[in-house]
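Below you'll find only one chain, the form predicted alone, shown as structure tokens.
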Amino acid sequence: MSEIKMYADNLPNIPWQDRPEHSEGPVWRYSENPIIGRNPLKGVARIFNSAVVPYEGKFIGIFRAETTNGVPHLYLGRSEDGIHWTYDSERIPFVNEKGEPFLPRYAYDPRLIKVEDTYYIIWCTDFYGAALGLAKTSDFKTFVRLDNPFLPFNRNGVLFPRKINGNFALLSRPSDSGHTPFGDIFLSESPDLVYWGKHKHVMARSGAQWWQALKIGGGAAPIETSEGWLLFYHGVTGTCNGYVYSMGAAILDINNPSIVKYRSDAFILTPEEWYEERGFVANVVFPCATLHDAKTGKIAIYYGAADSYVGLAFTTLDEIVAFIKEHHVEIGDDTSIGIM
């Protein structure tokens, strides 16, 4: 019986595949990857970097769909098993709080997080520059856009699945509209999803670990555990052949997540398979969501692959926490409260 606890719901129908023989590392890939291939529905060339949650005994997702005119939009999808998906034929019809149509110019890299009784979608969008979009739904029928949480330039917004000290908490990476020369993760708080403040530095990129030397960004919504908030994130390095995106993992303090308790100096997944190395953008592993079962500690990780596919990988709470602790490294001001 594990001494590490996951504070989440039980999910007995979590998609799962046992670790294959001779595999190494704390995370292993689904043998039938990619679970979403090219041209998944009419007018959409590629789906990747997408978010999934349990819903009414099944699964529902918000998908980054690259349309055939090259513009990304968000589409709704449903699944019985979390692996095989069907999609609405039209993009999500966002409205404002008066019920009037309010569609973003473009939208990509969504995260989908349930906080209390509401599901929140946060994505990258245009607000006179790279910015974050935010919407809510309670039934996946009506999607109400809220005010943009931050000024440009910002990316990789990830909400925590519960309020912390009475406030919503959000990870993000201040950014420019390109491949930013400043690439750290920050934390912001809000009492109402309108007014944001108490900004703190969380994690720094690291030249000592080349796989995350250029920039880092939040991935899936953090998972609450007895060790702290388990965070899967992406790290980026530059090579003579372009950028490479890998997946890392860290544990943040449960009451003050601007403090990093443990952080692995080694990546937990990096492009190695054909669908990760070869695609519209080569060499990308980009985590956006997890499904997790508190009873067994099983974790299924959904990640974008090469900006062309969706992959699925697996780990367990015990294995990933042990790996992070074993490979822990302190980087910059990670262990501080994040203010100066």
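In case it trips you up, residue 1 is the first one in the sequence shown, and so on. Computed from a prediction, not measured in an experiment: that's the story for all the values here.
Note that the form predicted in complex with beta-D-mannopyranose isn't included here; everything after this is about it.
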Partner-free chain; cross-checking beta-D-mannopyranose in the predicted bound form, the single residue of 51, 301, 36, 284 with a heavy atom within 4.5 Å is 284
Which one of 75, 262, 108, 267 is close to beta-D-mannopyranose in the predicted bound form, taking close to mean a heavy atom within 4.5 Å? 108
Might residue 215 be said to contact beta-D-mannopyranose in the predicted bound form, defining contact as any heavy atom within 4.5 Å? yes
Even though the partner isn't displayed, in the predicted bound form is residue 277 close enough to beta-D-mannopyranose, meaning a heavy atom within 4.5 Å? no
Please check if residue 232 has a heavy atom lying within 4.5 Å of any heavy atom of beta-D-mannopyranose in the predicted bound form. no
Residue 205 near beta-D-mannopyranose in the predicted bound form, any heavy atom under 4.5 Å? no
Interface segment, criterion being heavy atoms within 4.5 Å of beta-D-mannopyranose in the predicted bound form, picked from 141-149, 75-83, 108-116, 161-169: 108-116
For 288-308: residues with a non-hydrogen atom within 4.5 angstroms of beta-D-mannopyranose in the predicted bound form? 307
